[in-house]
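In what follows, one protein chain appears twice in different forms, each by itself as structure tokens: structure 1 and structure 2.
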Structure 1
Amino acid sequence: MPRIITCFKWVVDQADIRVVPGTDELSLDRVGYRISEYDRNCLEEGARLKEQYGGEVVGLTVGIPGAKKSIKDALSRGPEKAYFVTDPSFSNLEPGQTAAIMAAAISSQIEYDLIICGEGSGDLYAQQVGPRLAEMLGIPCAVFVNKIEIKEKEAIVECKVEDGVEVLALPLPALITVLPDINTPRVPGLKDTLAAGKKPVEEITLQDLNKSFDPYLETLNVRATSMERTCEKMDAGSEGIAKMVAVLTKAGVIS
């Protein structure tokens, strides 16, 4: 029976982000937080696999102490236990740091057969944490997966690629990143929420890991984007094509 780790992240609710009027600056003064939508598919897939094959499912997240608010929501979605790797310095982590912290925590604290991550996070969407984590743990990895089956000591997965579907057999232990179309996340009911409050949560601190995790990247600034449309209309004939070239040349898009 598989031991499954489902990874999730506490991110800013994008609906609450505002642009400061007259500028390209973002206002985060009144933002709320939630589990990344991609990670909800990850948690759901862990629960589905447990229902089908048995075993154990745990949740794993990294963040500042305030991110503990995410754990009850995650536990209401299926995991039997959560591991919370936390330190006040774990704010605005870049993907390399997150993967390194998870790798250190898993290697020292958590037994597993399968690790499931979302394809990306709802804030950075770098799509790097899963593959980096697999590399650091020295285990096989499959990305963009929309179907998982477990047969003996292998995970049989279907990966969405540009020209179709690729079927892979991964020896366990392995790591998989899942696409949103792999499932429809369940909505926890009152019973699930109440039960989540009684499930165990194990905190792992920076001191427990006894390592430093320096960033590979530095974010200098985050700005709002803007879009302007000129609404030029051209036909498909030679005159329309010539007009399009002239418009794009004038705008500096081509030269």
Structure 2
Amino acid sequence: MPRIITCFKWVVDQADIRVVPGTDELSLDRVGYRISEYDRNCLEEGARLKEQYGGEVVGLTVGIPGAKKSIKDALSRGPEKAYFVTDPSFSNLEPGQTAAIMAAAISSQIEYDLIICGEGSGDLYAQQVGPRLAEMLGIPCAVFVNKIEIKEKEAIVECKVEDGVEVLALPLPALITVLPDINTPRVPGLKDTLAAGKKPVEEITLQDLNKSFDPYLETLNVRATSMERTCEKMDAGSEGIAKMVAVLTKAGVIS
């Protein structure tokens, strides 16, 4: 009956990010926010494990007070309770800070056997918070996992590595980061959403943690990626095909 913490992050919807015309600046003025795509797999895995093994699942997020909007959404996807660690200063946290804040919050009041994180976050995609958090809590960790089984006091996981799959046994408590292909997140039903509104939310403030969290990484600037090419469009008829063959010949790929 594992006690599981599923972690999620409220991130900008990158589809809404615009490049300021004529510059290499990004405009985040009109962006929406959502639960990071990768964390939906994390929440789903928590829910799935609970269905399979029983126990309990809670959700944990760190963010500015505005990130509170993520909580009901997350709660409609599985956890029975949410912990919201928040402070107005928690904007643009770097992964080292996020992990430290989470570690402090967990140590202060959350009991667990298993912590699940997404493979990375939808905004920074640094893939650090999971392993950093494990290290801070002093628990074993497995990353890039696409299968989890729980046996007695161990998690048996399959980690994707470059040359195949590594099957690891981790004694619990442990932390696992999961890949998107571990599951297909469900669409919460109306009843899940309504039930989410009634689930408890524990707010943990910076004062409660009684610590400061300094960044290890400083962002010097953020620019738009530039990769535009001038596309010469050709039609799908024989003329276009002939032109394309000429292009390929010129590129030296047809000899």
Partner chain sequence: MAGVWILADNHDQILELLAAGRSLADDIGMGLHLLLWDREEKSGEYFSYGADEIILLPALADGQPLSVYIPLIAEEAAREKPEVFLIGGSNRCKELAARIATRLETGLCSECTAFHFNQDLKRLEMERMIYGGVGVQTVASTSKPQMATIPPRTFSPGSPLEGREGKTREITGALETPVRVLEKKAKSKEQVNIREAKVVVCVGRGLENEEDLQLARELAEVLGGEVACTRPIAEELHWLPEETYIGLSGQVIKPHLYIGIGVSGQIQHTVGIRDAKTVIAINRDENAAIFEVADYGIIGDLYEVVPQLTRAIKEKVKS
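Keep in mind it's a predicted model, so treat the numbers as computed, not measured. Here, a residue number simply tells you its place in the sequence of structure 1, counted from 1. If you superpose the two forms and keep the largest set of C-alpha atoms that fall within 1.5 Å, you have the rigid core.
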Q) Which of the two structures shown, 1 or 2, corresponds to the form predicted alone? A) 1
(Q) Could you check, with the core superposed, whether the Cα atom of V19 shifts 2 Å or more between structure 1 and structure 2? (A) no
Q: Would you look up how far the C-alpha of G240 moves between structure 1 and structure 2 when the rigid core is overlaid, in angstrom?
A: 23.5
